[in-house]
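Quick heads-up: it's one chain on its own, the form predicted on its own, in structure tokens.
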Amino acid sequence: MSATLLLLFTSFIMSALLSYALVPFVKNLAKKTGLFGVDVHKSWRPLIPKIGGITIFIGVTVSVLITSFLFNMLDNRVLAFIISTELAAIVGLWEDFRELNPVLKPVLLALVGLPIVFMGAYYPYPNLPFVGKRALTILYPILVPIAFTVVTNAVNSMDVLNGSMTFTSLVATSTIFLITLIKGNILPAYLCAGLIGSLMVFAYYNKYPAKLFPGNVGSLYVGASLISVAIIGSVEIALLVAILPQITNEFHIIYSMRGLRSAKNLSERPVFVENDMLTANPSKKAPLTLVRMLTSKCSLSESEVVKMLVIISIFSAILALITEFFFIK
């Protein structure tokens, strides 16, 4: 086995095993702190531990640290990745305990990206479709915090059904892993390998019917990991194309809600639940989401909607691959 394959395999396995081992701890922690969420799309409305994303956060972080030391990969880029993603997890955990002001949250998530800027873990000469490499030495550091806000909130907005955030993020992470591996960019590839390992384990507990919710700690951590890897690996455009479903979902929500508002203050939900089937809410006051659009013509089960979201994500992943290898010089 080559050194590269061994690195990728170690990162993947270690992250997966750590996440699996942490599941009982997280369930017990949720019980002690009362951090449960109501599964609103089920008629029996079960209470589910809502901080399951801690397993992803710790699993990936510890795996990255250990593999970086073992394979002599620890540098400013890895440290920036760890710090930025940890800060995102802290913001998410804070919101899981106590809801954040909807205006303060994007500001905090923008600050999460600053370690990437201050530690120089970026390359300010992105390859843009059709036009090629462009120097953005002044603009790029400004765009990084904005990108963190957009991507983390977009991934967070997809956490609405059992497995929806987890499986769509797996598709996006696998896409970035494949692109960076083909391009021989090993560091971001092994960071992706660790994230894939944790997400695959968590998917088992988050799939329908969910035994764990990722919570804000999980979805914000995953979003921060994706944008961090994309910046470090100079595949920003590919990531934005790969997560177009998440981004469009978030912007549709913001537009239909007339700005940044807390979901708890909504007068109308996007969908109705009857006999465990989801049907779009026809009210104009209801937020416009991908789930609402998918259920606008007919009622669908939760699992059917998640499968459709994954299919849409796969199409975006294919577009990301085409964009990266055919339209970027």
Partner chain sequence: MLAVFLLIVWGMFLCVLYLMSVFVIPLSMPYHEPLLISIYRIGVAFIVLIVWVIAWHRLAIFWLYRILRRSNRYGMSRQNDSPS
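Numbering follows the first chain given and starts at 1. As the structure is a computational prediction, the values presented were derived from the model and not from experiment.
As for the form predicted together with its partner chain, it is not shown, yet the points below apply to it.
Taking Ile58, Ala30, Ala280, Leu300 one by one, only a single residue has any non-hydrogen atom within 4.5 Å of its partner chain in the predicted bound form, and it is Ala280.
For the marked spot (Val271, Thr289 and Ser296), a heavy atom within 4.5 Å of its partner chain in the predicted bound form is present in each of the three residues.
None of the heavy atoms of Leu6 is located within 4.5 Å of its partner chain in the predicted bound form. With a 4.5 Å cutoff on heavy atoms, Leu161 counts as touching its partner chain in the predicted bound form.
Looking at Leu319, you'd find a heavy atom of it within 4.5 angstroms of its partner chain in the predicted bound form. Contact annotation: Pro245 falls within 4.5 Å of its partner chain in the predicted bound form, judged by heavy atom distances. Only one segment in the set 209-217, 74-82, 105-113, 232-240 has any non-hydrogen atom within 4.5 angstroms of its partner chain in the predicted bound form, and it is 232-240. Using a 4.5 Å cut-off on any heavy atom, the residues of 36-57 that reach its partner chain in the predicted bound form are, in sequence order, Val40, His41, Arg45.
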